[in-house]
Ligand code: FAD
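In the form predicted alone, a lone chain appears below as structure tokens.
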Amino acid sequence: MVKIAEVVARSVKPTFSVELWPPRSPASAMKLEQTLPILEELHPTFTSITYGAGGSTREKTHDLVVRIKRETSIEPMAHLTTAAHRKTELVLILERYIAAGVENILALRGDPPLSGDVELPPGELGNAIELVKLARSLGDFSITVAAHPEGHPDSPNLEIDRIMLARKLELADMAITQFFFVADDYFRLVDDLEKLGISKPVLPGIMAPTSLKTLEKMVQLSGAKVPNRVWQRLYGAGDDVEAIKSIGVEIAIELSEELLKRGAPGIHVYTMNEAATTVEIYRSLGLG
């Protein structure tokens, strides 16, 4: 059994982890089949598996988590959200993971899908803190929660956001951040948590902005801020799709290098199931 938070906390060198999406179509399933063995060769510390809004990919997420656990050398972390779920449903999901030997959970409230056309009902549990408590009551899980370096878009202000995150981390074991583009925002988050008595690992989440359309949509839904210098570099490529991809990877590498140089415990890459981009980031950072 592998508890990811303990591995990250004990690691003497920066960790490297990735996020994957469960397939939603035959084409995306084929892409995932091509991506998995490539990522496995990188020996990531773990991979988190996303969970569709309101559980729309519930079974696909479960099946992919269990498959990775049983058939690969990668340790999976299962996303789980409170949105649109009754408590009894969440208990059943957690019990199934226990039965499958999965003990790493990312506890989330849940956000709308990228399409932006679904408004999620809140669910029986009010927030991620209650989900952490539920998971703790059922099994010996290693529990990760989400952090927002710039503050969650639904928080009234940054101070309250930090207090709520500290409350989550008093109960959970680790945090992974939403994607961001300014290293100072991450280190300000870590410093603020330390002032609140929290010193548990906070992994920075990195996304290579390789598609302007995707980036614009994710920014709209997440509330993340993109510096003008990033937009200028990307829009400077015009309609050259390959140039935009190259610039996006460069931006991710530059940010990751600064984070590791200044003491971040590792890098967590939002892969979008893109193997080539992830491999390029990994190799450029010299984490092999």
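Note that residue numbering begins at 1 and tracks the sequence as displayed. None of these values were measured; they are calculated from a predicted model.
Keep in mind that the form predicted in complex with this ligand is not shown, yet the notes after this line are about it.
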Partner contact check in the predicted bound form: of 127-135, 183-191, 212-220, 94-102, the stretch with a heavy atom within 4.5 Å of this ligand is 127-135
Taking this ligand in the predicted bound form, would Ala9, Thr47 and Lys69 all count as contacting it (heavy atom within 4.5 Å)? no
Though only this chain appears here, would Thr81 touch this ligand in the predicted bound form if you measure heavy atom gaps against 4.5 Å? yes
I'd like to check something about Lys200: if you look in the predicted bound form, is any of its heavy atoms closer than or equal to 4.5 Å to a heavy atom of this ligand? no
Heavy atom to heavy atom, is Ile74 within 4.5 Å of this ligand in the predicted bound form? no
Might Asp154 be said to contact this ligand in the predicted bound form, defining contact as any heavy atom within 4.5 Å? yes
Scan Ile206, Ala147, Leu90, Leu169 and let me know which has any heavy atom within 4.5 Å of this ligand in the predicted bound form. Ala147
